[in-house]
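Shown here is one chain on its own, the form predicted on its own, set out as C-alpha cells.
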Amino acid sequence: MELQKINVKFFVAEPDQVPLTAFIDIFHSWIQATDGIYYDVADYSHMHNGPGILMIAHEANISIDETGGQRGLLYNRKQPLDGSNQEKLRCTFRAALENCLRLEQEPSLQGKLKFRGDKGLFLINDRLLAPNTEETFLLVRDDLEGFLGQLYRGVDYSLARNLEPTERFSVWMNTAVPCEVAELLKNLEA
C-alpha cells in the first residue's frame, strides 16, 4: 500500500494545564511569522471532545485535538508525499514532533505544556485507501514497524489497531518507558 494522507497525534502529558483557547493566539502568531505557509485558524473549542483549535495550511493542518477526550497535537498531512513509505512516515512524524517541540518551547506557555513521546496515534485519513480492517493493518504493519524501530531506537513499543469499523484506520503506539519529543527527533536525524 502506498501511504498518503498520514496523520500523527502525540498526546499532552497534563491536558488541563493550558486552556484550549490559549492556542488560538499562539497559532495566529505562527501565521504572522511565516510567508503564507499557514493561513487560517479555526476554533472548535465549543465542541466537546472535538477537533479543538486548528491551524490550516495547504499541505497539512496542525491542531490541538481533543477527539476521544484526549488532548494532543494532531498533524494531518493533506497533500501527497513523494518517496517510499518509510520516507513519508519520517516526513510526517518529523513534522508532528517538530510542532510538539515548538509548542513545548513557546514562551507564552512558560513550561506548562509537555507532549508524551511514549504515546501516539497513527492514522490514515482516507477510508477508501485504508478501510479500518485487519487487511489494511497487515499491509501497513511492516512499514510502520520498520519506521518505529528507528524512531524508538531500541525501546520496546507495542501497536494496537483501533477495531471500531466505523472509524478511520488508526493504530495506537505505546512504549514501556517515557520518551521525550526532543529525543525522538534526534533519533530521526541519526
Partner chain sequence: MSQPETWKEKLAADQVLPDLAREIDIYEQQMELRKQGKIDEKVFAETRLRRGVYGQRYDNGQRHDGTRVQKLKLPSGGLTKGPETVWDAPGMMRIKIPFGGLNPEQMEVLADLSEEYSDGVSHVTTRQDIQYHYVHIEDTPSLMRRLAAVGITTREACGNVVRNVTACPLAGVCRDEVFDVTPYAKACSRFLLGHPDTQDFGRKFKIAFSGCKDNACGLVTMHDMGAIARSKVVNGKEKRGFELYVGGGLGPVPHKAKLFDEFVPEEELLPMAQAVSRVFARLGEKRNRARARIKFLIANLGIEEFRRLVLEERAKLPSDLRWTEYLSWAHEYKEAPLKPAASRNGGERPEGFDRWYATNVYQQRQSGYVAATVALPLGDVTADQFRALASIARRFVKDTVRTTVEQNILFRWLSEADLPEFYKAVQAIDLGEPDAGTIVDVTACPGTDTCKLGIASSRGLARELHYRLSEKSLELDAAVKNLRIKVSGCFNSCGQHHIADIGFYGINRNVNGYQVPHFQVVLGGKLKDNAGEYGVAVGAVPSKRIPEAVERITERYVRDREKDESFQDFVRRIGKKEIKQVLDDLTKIPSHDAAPSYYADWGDPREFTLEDLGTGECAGEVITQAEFTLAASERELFEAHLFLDDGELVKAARTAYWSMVRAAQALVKIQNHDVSEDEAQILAEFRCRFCDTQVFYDKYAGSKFADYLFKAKDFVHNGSEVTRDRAIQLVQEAQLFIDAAHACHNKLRSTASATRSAASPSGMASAGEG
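Positions refer to the first chain, counted from 1. These numbers were taken from a predicted model, which means no experiment stands behind them.
Below, we turn to the form predicted in complex with its partner chain, even though it does not appear here.
- Query: Only one of Glu145, Asp156, Asp40, Glu134 has a non-hydrogen atom within 4.5 angstroms of its partner chain in the model of the complex; which is it?
  - Reply: Here the answer is residue option Asp40.
- Considering only heavy atoms, tell me if Asn49 and its partner chain come within 4.5 Å of each other in the model of the complex. Result yes; Asn49 sits at the interface with its partner chain in the model of the complex.
- So, in the model of the complex, is Thr67 in contact with its partner chain at a 4.5 angstroms heavy atom limit? Although its partner chain is absent here, Thr67 would touch it in the model of the complex, with heavy atoms inside 4.5 Å.
- Query: Would Arg141 sit within 4.5 Å of its partner chain in the model of the complex, counting heavy atoms only?
  - Reply: Heavy-atom contact with its partner chain at 4.5 Å: absent for Arg141.
- Taking the shortest heavy atom distance, is Ile24 within 4.5 Å of its partner chain in the model of the complex? Flag for Ile24 set to yes.
- Query: Quick check: do Leu54, Arg127 and Thr166 each get a heavy atom within 4.5 Å of its partner chain in the model of the complex?
  - Reply: Yes, the whole candidate spot contacts its partner chain.
- Look at the stretches 94 to 102, 81 to 89, 111 to 119, 67 to 75 and give the one with heavy atoms within 4.5 Å of its partner chain in the model of the complex. Flagged stretch: 67 to 75.
- For the heavy atom contacts within 4.5 Å of its partner chain in the model of the complex, list the residues of 3 to 32 involved, in sequence order. The stretch touches the partner through Ile24, Asp25, His28, Ile31, Gln32.
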